[in-house]
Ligand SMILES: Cc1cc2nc3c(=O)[nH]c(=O)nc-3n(C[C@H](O)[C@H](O)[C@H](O)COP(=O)(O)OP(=O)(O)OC[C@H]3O[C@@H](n4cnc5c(N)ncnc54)[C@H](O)[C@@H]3O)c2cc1C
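Shown here is one chain on its own, the form predicted on its own, set out as C-alpha cells.
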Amino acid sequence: MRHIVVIGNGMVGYKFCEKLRKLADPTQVAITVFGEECRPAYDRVHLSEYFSDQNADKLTLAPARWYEEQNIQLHTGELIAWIDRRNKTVETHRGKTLSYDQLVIATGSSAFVPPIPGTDKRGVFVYRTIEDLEAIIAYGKKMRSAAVLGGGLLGLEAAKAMVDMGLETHVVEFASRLMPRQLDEVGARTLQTRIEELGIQVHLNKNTQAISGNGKLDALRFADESNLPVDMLVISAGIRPRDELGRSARLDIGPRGGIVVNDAMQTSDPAIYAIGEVALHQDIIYGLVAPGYDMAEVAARHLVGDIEKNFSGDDMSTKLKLMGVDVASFGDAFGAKSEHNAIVFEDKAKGVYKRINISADGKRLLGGMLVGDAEAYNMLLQTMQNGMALPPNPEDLILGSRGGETSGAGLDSLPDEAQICSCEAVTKGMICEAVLTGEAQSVKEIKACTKAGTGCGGCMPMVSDLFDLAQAKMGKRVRKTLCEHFNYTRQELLDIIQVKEIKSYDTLLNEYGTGDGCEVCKPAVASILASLWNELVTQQDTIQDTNDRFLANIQRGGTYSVVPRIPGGEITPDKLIVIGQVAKKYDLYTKITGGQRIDLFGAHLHQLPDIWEELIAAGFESGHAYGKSLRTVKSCVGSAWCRYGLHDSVSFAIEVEDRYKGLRSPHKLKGAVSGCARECAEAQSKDFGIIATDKGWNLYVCGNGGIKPQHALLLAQDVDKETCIKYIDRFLMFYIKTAETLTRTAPWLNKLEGGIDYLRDVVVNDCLGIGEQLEQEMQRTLAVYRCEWKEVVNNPELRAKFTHFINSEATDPAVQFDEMRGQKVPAKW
C-alpha cells in the first residue's frame, strides 16, 4: 500500500484529500496530512465572516472526525521542517520522521509584507489566518482608526472588517485606482465612490515610506511627505508562496517564488507534487481557490494512474461582494489581448458600471467587468467560456434585464459541458442529470451530491436556476424558493410565520432554515415580519438593509435624507416654518418631491434622532421613504378649490394615506386620488389610484412609473368611499401575501394567471371566499402602527445606534459638500 504525505491543511490541501479518498480507498492508499495551524482546514474565502460572530467552527471545512472516518491521519499544529528527497522522508519540527511514496506540497501562501521600516511596531497586522483576526479584534477594541495597506481584493475585505469594528477606516493604495488588476479607471472610480459612501477614506498613489511611532504605530509616512495618523495598520499587499520547503529540498523555484510544476502538478522531483498557491504553473501563481481545486483534482487523478486530466491553466474570473457592492471581472476584462469593441454602461446616480468586450467581428464575448450590479455575471461568464453566439444587439447582455425578468432561455441554451461551478468543476450537465435522475430534489441536495456551490458560492444563483429549469422540463411545478437557506417560497414562508406566530428571523432560521442566512433572505424575512406584525424594524436591525436599519435613505456622499410624512400633500404654514427652521439649523438641502412632500438631504447619521425629535414635536411622522412600504398618496386640490372637482380628493387622500402609513409590502407602494377625470394627481400611474366620478369613485390598480411605466387598470367603477377602501384592503393584503420579494404591483399582476379579471374576481367578487379574511388581516396590521422615528427618539437604547463611529461621536470626516444655487450638495467625484 502506498503512503502519500500531504504538507499543508488549507482549503486546497483538504480538497486534495477529499478527491484522493474518492479515487482510492484506505486499502490502496494511506494518507497522512500535516497542518501547522492548530485547527483543521477552514474556509479562508469567507474569513471576514469571523468578525461577525467569531465562531471558527462555522468556517471549518470538515471536522477532525471526518479525517478519522476517511482513515486519514491528520496532524494539526505540526510543521514539516525538512524534506529528504534521497530517502523519501519528511521530518517535523518535533523531530518526527515519516517516509512517503509520494509527497504533496500544499503549503499555500503567506501575506506579503513590503520592506517598509516600522512593520515590526505594535499595531501592525497582516490579514491571513483566524489568529490574525483574533489579534486584530483584540487590539482594535481600544483603537479609533485603522488603515489598510492595499486596495486589492484582500485589502478591501480587510477594510470591511475594520468598518464592522466601528473604526475610522482608510485604504492606502500604491496604484492610481482600486483593484487595478480587475477594474479599469471608470470601474474603479465607481467602486471607490460606493465604498466612500460607507465612510471609508481612500488614498491613491500613495507610496508608504515608513511606519512611524515609538514602539507603537501612530502614523504612516508617504513619499510625497504627507502623513496619515492612524492607530493600527493591516497589511494586505498581496501574497507570497510558501515555497521554503521546496527551496531547501532544491526543487525548481520560479524567479519570483513558487515551486515550478508541470501540467500534472509534478515538481522537478516526479515523486513530489505541488498544488494551490505554492505552485507556479506556466509562470503564474493563482491566488484564487478555484484553480487550486482544479490542481488538487489533477494531482489526485495522476496519483491513482489517471493521466488523462491535466491542468492547462485556469480562468481568473471572480465575483464577490465588497462591503455590499457587487464586483465581478472575467476573461479579457481590459480587452488587452485582442482587437475588440467595448460596450459600456454607466449609471453614476446608482453607482453601476458595466463593460463587456466583444470580438472585432462581433461574434464572441471576450470578457468584461461589473460594478454595483453583477446579476448578469454567471451568464456572461458562461457565454464567454462556451463561445456562445451573441444576440443581435450585444448590449442586451448587460442591459437585457432592464426592469424585466430573465427569461431563462439563455441558460437553456448552454451546452451540457458548460462549467457552472468552477471551484468544484461541476458542469450544467452534471447538475441537470442529478435532478433528472432524482438524485437531487432540491438545491440543497444538488450541493450535497455534486458539490456545486460549496466553494466560493458565487454560482448558487445559476445552480438554483438550473434546478428550476430541470424541474420544468420534467413537467413539475417550479417552486421559486427564497434562497439556499430556506427551501420555501416567499408565500410559504409568510404562511409559516403567520401560522406559527414567529416574530424573529433567528427563530425562523433555526426552525425552518439552514446555515447562517444571507443578504437575500434576511431583508426578505424582515419584510415579511414587518408586513404581518407591523412591529418596529429597528428591533431586528441586523437583518435590515442600510436604509431600513437607520430609517433613512443613504445618499451619495454618505449622508442621509429626512422625509416627514405630509398626507395628501397638505401642509400648514406653521409646519412649513418648522421644516424651514430644521433645515436651516442642520444645514440641510431641501426639495419638494413628486410625491408632494419635502425631502431634507445631507443629514449626518448622528443628527437624525435630533432632527426627528424636533419634527415629531411639531406633529410630523416618519414618511417611510426608506422602506418597502406606503410612500405617498398624492392628490389634486379637488372640489374644495377646483372648479372642475367632483369630490374632495384631498380629504380622501389624507384618509387613505393615514390608513396605510407604515404598511410594509414586497415593494414600495404609491397611491393617488384625483378629483375628476382630468387626473391632475396622475392616479393611473400608481399602485392604487382613485378617480372621482359623477357616481362615486373609480379604483385603478397596479400602475407604476419607473423604468418600465405601466398604466393602472380599472378594478372597480363608481363605488362609494367605504367600498373603495374595502377593495384596497383586500387588494393590498392579497398582493402582500402572494408577491415575490421586490416585485411591484405591476409585474405582479403581469404574472398573475388571469390578470386583472382574476384579480377583480378575488377582490370584488370574492371568488376565493377570502375577502373578509383579507380585510381582518389588514385591520390587525394597521391597528398596531407606531411611528418608527417616534419610538427611536424616545428610546435611548435605539437612539444610541445612530452614530457613525461606535467609540466616538465625531462626524464622518470624509463627507464633503459643494454649493449649488444657495444650498449644499455632495462634493463632485
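None of these values were measured; they are calculated from a predicted model. All residue numbers are counted from 1 along the displayed sequence.
The form predicted in complex with the ligand is left out here; the points below concern that form.
Although the partner is absent from this view, S109 contacts the ligand in the model of the complex, with a non-hydrogen atom inside 4.5 angstroms. The ligand in the model of the complex comes within 4.5 Å of a heavy atom belonging to R242. Proximity of F802 to the ligand in the model of the complex falls outside the 4.5 Å heavy atom cutoff. The ligand in the model of the complex comes within 4.5 Å of a heavy atom belonging to G276. With the ligand omitted here, the record of contacts in the model of the complex names 280-288 of 752-760, 280-288, 114-122, 459-467, defined by a heavy atom within 4.5 Å. Annotation: in the model of the complex, residues G13, I80 and R128 each come within 4.5 Å of the ligand through at least one heavy atom. When the ligand is considered in the model of the complex, only one residue from E157, D516, D373, E613 comes within 4.5 Å through any heavy atom, namely E157. Screening A30, I770, L782, V45 for any heavy atom within 4.5 Å of the ligand in the model of the complex leaves a single hit, V45. Residues of 343-376 placing a heavy atom within 4.5 Å of the ligand in the model of the complex: none.
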